[in-house]
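Consider the single chain below, provided in structure tokens and representing the form predicted on its own.
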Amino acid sequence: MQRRNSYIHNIDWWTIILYLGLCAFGWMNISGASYSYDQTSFFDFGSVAGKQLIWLGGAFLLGGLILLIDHKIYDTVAYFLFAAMILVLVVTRFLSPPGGIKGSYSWIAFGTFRLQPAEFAKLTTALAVAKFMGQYDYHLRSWRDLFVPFLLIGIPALIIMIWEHETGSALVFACFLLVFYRQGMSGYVLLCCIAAIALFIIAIRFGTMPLPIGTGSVGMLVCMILLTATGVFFQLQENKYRMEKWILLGAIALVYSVGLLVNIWIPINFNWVSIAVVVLLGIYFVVANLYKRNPALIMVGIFMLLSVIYTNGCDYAFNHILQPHQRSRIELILGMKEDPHGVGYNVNQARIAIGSGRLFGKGFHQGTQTQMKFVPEQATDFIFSTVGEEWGFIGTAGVLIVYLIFILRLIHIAERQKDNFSRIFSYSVASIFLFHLTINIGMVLGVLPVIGIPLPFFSYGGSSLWGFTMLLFIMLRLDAAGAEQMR
């Protein structure tokens, strides 16, 4: 009895209170988003809100069971669960409804009951990553040490994105980069990811904009100039030979100057001029620093050469790999097109709904945009627009503050873990919640592309609710076990 009391005492009840509060207010907004004037009861189990109550009951039961299970089992079965989930993800396409659901083959349908295994793949991946990186003799010393962790997040992400056509759920796996960074991964990896996003946006947004002189595009020239500036910056930081710095800068300036002069008589494609500068600079970094044994500048040179290939492939990837609706959403966000009645309709209506709530909102079940069903997918991906319309700025600010406290609490729990497995898993959980919150809110506000990922504990759906609940309660169980061992 004393041990059981000690175990209960060590559970982080503040986090559970935050979880219950988010679930309760989330259900109220699902009720608001799905409410119809002819509805006779809030607890009609045939309605969307009634079905969510059933999912909530199952989630609470699931959370309670997780707290009762021995914490050691999660470390023991991590790889098995990961392998089983990979198999489930592959099989899911064959069990999905014919033609998929809105083009996605990530759902398993049993009559009216539908389950999305991709929501649980985040859990099994977090366990597998924690299992591998939590080994006693594992340390992040070089790129080779990242091979297996990248493989663990890459396999389910690629299956979900390519095989199941569910891009949104696949992108969530990028949040594990934050976990790797916390465990010692070089910050340059994150900078490379940011650079890849920036180069893609510039190449796509300005790739067809002609230069005022010569030929070529503004997008390609800007990308190459940024890569050149990156190389020069690191050269100035690393190289101790002053004369060599001036020679390098003079050579770059000379190439562009000659190009401008020649362009007076013969039109020059400045795309090729700028690409040549980056390629020659990258080769110089690699060759010259092999002799000087400067691995940092060698990596910069390799990065520049690979970035040239990547930037030139952005247009092909955008037009031939991405789906038409994905291209349209990106074009809308980047201001390349306006389509308030087509692909931009959801975001436009969501913003109208949020704005119409003003300071205090229109009241529970009183939102006109909501009740007239102007916002598609309002109970799922766009549930935050209901918060804005019915509860106003005060309500949305309150929800975001509670989420902030919740995520900071998760980070605090992760920081106090002494066991490697528990700490890495806890940071994975915090990163997943942070990613979902940021992307969903940004998506609804129209500052990020619509990729269709749920808002934790708010969006309607059993798969996401159960997946988030399992992530959270396994984390709390590991935390309670760690606290008990410290006593």
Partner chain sequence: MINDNLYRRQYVISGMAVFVVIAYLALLFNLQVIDQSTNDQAEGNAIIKQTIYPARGLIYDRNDSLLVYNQPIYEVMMTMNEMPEDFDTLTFCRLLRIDKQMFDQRILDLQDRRKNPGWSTYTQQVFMSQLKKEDIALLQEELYKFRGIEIRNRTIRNYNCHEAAHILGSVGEVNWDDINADNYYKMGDYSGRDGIERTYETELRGVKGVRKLLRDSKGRIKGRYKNGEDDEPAQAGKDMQLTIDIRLQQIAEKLLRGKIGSIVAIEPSTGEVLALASSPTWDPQLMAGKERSKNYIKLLNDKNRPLFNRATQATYPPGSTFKTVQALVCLDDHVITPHTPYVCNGRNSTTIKCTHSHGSPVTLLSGIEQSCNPYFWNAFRDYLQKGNNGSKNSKKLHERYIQWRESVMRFGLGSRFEDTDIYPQKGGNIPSEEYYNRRYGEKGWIALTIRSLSIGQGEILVTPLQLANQTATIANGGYYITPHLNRNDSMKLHVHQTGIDRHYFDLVREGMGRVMTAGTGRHYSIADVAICGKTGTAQNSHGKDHSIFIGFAPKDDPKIAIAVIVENAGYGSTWAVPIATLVMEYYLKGEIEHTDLFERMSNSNTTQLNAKKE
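For clarity, every value in this text was computed on a predicted model and none was experimentally measured. Positions refer to the first chain, counted from 1.
Quick note: we don't show the form predicted in complex with its partner chain, though the next part is all about it.
Partner contact region in the predicted bound form: 431-439, out of 22-30, 452-460, 61-69, 431-439, criterion any non-hydrogen atom within 4.5 Å of its partner chain. At a distance of at most 4.5 angstroms from its partner chain in the predicted bound form, none of the three residues 102, 225 and 277 contributes a non-hydrogen atom. When its partner chain is considered in the predicted bound form, residue 368 lines it closely, a heavy atom lying within 4.5 Å.
Proximity of residue 182 to its partner chain in the predicted bound form: non-hydrogen atoms within 4.5 Å are present. Within this chain, residue 114 is remote from the site of its partner chain in the predicted bound form, having no heavy atom within 4.5 Å. Using a 4.5 angstroms threshold between heavy atoms, residue 325 stays clear of its partner chain in the predicted bound form. Checked against its partner chain in the predicted bound form, the candidates 213, 253, 232, 397 yield a single residue with a heavy atom inside 4.5 Å, and that residue is 397.
Screening 355, 295, 267, 97 for any heavy atom within 4.5 Å of its partner chain in the predicted bound form leaves a single hit, 355. In the predicted bound form, the residues of 439-456 lying within 4.5 Å of its partner chain by at least one heavy atom are, in order, 441, 442, 445, 447, 448.
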